[in-house]
Structure formats: C-alpha cells, structure tokens
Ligand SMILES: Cc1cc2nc3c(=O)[nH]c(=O)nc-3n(C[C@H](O)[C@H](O)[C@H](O)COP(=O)(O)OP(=O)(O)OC[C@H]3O[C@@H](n4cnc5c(N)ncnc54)[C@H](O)[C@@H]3O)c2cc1C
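Only one chain comes next, encoded as structure tokens, the form predicted on its own.
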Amino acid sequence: MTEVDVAIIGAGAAGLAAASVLATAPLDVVVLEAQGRIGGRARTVALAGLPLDLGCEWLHSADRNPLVAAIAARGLTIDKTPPPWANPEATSNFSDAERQAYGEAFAAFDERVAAAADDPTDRPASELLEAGGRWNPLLNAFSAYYNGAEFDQVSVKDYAAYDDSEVNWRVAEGYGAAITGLAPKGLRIVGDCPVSLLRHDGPRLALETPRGVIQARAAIVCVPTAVLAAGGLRILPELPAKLAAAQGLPLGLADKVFLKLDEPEAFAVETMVYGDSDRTATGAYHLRPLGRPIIEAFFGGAHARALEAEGPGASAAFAIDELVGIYGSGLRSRVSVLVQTGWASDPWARGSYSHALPGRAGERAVLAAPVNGRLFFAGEACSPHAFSTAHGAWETGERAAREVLAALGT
C-alpha cells in the first residue's frame, strides 16, 4: 500500500461516491479512514431492535435526489411519509392561531431572505428577522436545527443558495446503513488510519499515517471543514485559500436524543412538539417517527454545544424535562434513554454540517477547486446548492473522481 494511484481521505458519503466512480477505472485506489467504521456523519445504529440514524436521516429533495434510486435498487425501503415539520397540523402543542401566525412569520422571513439574496453585499440572516417579532426565538431555533447555528452566524446569500424541492423521504432501515451499503464491492478501505499530514511538494503526494507514508499520484480530500480548520489534517506546502475557506464554512451542530416510550399508544404517530416557543434554547421533538415507540429529540446551535459541554446525559435530561413540562410528571417514568449524540465532541467530525458565515458564501467554490491537478476536494461543504446533505456530499465525491480521471488521463 505504500504506492497507489489515488488516495481518498475519508470514507463518508463523498469518499464512498468518489471510490464508486474510480472503481470503474484501471487505477489502484485506497480509501484511508480515520475511524474504525465507514459512513462519516451518516451513521445508523441498532438499539432496542430499531435502526436509529444518529446523523443524517432524511433524503432531502427526494424527488430528484440521486441516492434514492441507488438505495431502492439494493432492496431497502424508501418511506415517503411526509415529515411533521411540513404539516402545520402535526405540531400538536400549537393552537390553530399559533400555527397560522408562525407560518406567516416564517413565510415573511423567507420572502425577505429571497429579496436580500440579490443585494450586492452579504449580511447575517438575523438582520432580516422582524424587529421584536413574537416568533423570532423559534425562528432562530429552527435555524439551529436546520443550519446548526443561529441566524446571526448564517450568510443570507448562502442560506438562499440552498436548493430544496421540499420533498423529504426516509430509509426505513436507516440512511447511514444505506450510505455504507453503497460502497463498491472489493473497495480497499483502511480503517483506523487517519492522515495527519499531506505533502504535495514532491514528484508524488506523500500522506503520513500511523501505518506509514503512502505515496499517490492524486488525492481526494473528503474530511469535514472543522477538521481542516483545526489542523486535524495538515497540508504542506500550506494552501492559505483552502484553510480560509474551511474557516469560513464552519460546521454547525445538530444533536439528537432518542427516547423509548413504554406506552407509545398514548402519542399520535408522526407528530411533533416544541419544548418552548418563547426561547431559542429549546428542543424539537418528533413523536413516533415511522410509527415506532420512540421520541426523537433535536437540539441545535449554541444550545446543543452548551448541552455537550455539560457532559454525558445533559441533553437527555433536558429533553425529558421539557417533555415533562408538556405532558406532565408522569412521563418521566414512561421513557428511557436509548442514545444521545455528541457530534461536536467527535474528533473526526467536530460538528454536523456546514454553513457559510456572513460574507463567506463564495468559499464553497474555493474549497472545491482542484490544486495543480493532484489535490481534489469533496464533501457536503463543497456543494454549491445541496450543502449540509448526504446527497450533496455524494455528488461532490463523484465530481472530484471525474476530475481525477481527467487529470490522470484515464
């Protein structure tokens, strides 16, 4: 393994997509994965007989998502039940008047964003919230779930650039399981093999790993921006534009808690509640997803980071406390914690998905650009219109692989 044609750094959706394209060419390819598993931020675990997606879960823009057909072709179940956030009636702790008022506030905010996106200068999306608006705390909470950060950290131009058909489906067996199942057969993946240093000043690239130095004609870098920005993978000679791009596209944070219900029939299937619509530091709770006996809690942005910082169990305790505030103290004895995530604490992720800081929307193109026909970059942060999604990552991996084939004359 000391010399290969192409080294792919990272076995998440982008890395696996790149490997799928390169598998059709007469090239010696290796995938170097820092962890002992593949999938990256797409991860399904089986607990209490249920497949739970700890990372990405929804096939966004499913009516045109390139992964849908590939996943279905492998015999997995595509569930087309709409998400509860797309159905105002599904927010069970809102009155009809509250549902209408929140919907109108959201629509008005989106209209202001669309208009501001055409302005020559960028700005924080928070500037477009209605001054003193009743629903501003919940709109900011939405941003925390959706972007992984509150609107003051989100570029208007980048937010508006996301292209969403608003059709969202799920994989019953788990999206993470589906992504890992798309890895081509015979693919050489070396786990527990982080690349600490990538040198590109010699006749061949040199990748330093715990298993020795690997030389390659080309490399595809598929690691999260937060890892690049923190020096988890150093590139020498340095590429200041790439580092600046990674810093301008930080990973927001979205964490989950899965709670098992002892009496699931007491809760309506595919409904949701918000913990407290008067504050941003609140959870969104998906009740009985896919009819299962669970509640899936979501926390995002600064609130999710604060809960992670409190230590193990903090997010689960917060979720149960908020739900008790809605359903009464009897709920406490009827739920048990299955699992909670901590993506910011994962050294190989350091967050959930990227958002552009105000004024930095153009960094996605900078990050994605090849370097000297030997270094190529992929991952959801490199996607111009499908960032923060698994299919966006997949598409950039395929694009980077095609760039490699062209550069190597294959």
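All figures in this text were calculated on a predicted structure; none of them were measured in a lab. Just count from 1 along the sequence shown to find any residue number.
Omitted here: the form predicted together with this ligand. The next part is about that form.
When this ligand is considered in the predicted complex, P293 lies well away from it, no heavy atom lying within 4.5 Å. Proximity of L323 to this ligand in the predicted complex: non-hydrogen atoms within 4.5 Å are absent; the residue sits far from the partner. In the predicted complex, this ligand lies farther than 4.5 Å from every heavy atom of A19. The closest heavy atom approach of L233 to this ligand in the predicted complex falls within 4.5 Å. Judged against this ligand in the predicted complex with a 4.5 angstroms heavy atom cut-off, the residues A13, Y353 and H391 are in contact without exception. This chain is displayed without this ligand, yet in the predicted complex the stretch 27-35 from 355-363, 44-52, 368-376, 27-35 comes within 4.5 Å of it by heavy atoms. Think of it this way: in the predicted complex, this ligand has a heavy atom of just one of V335, L182, C193, A116 within 4.5 Å, and the residue is C193.
For the partner-free chain shown, A254, K256 of 237-258 come within 4.5 angstroms of this ligand in the predicted complex, judged by any non-hydrogen atom.
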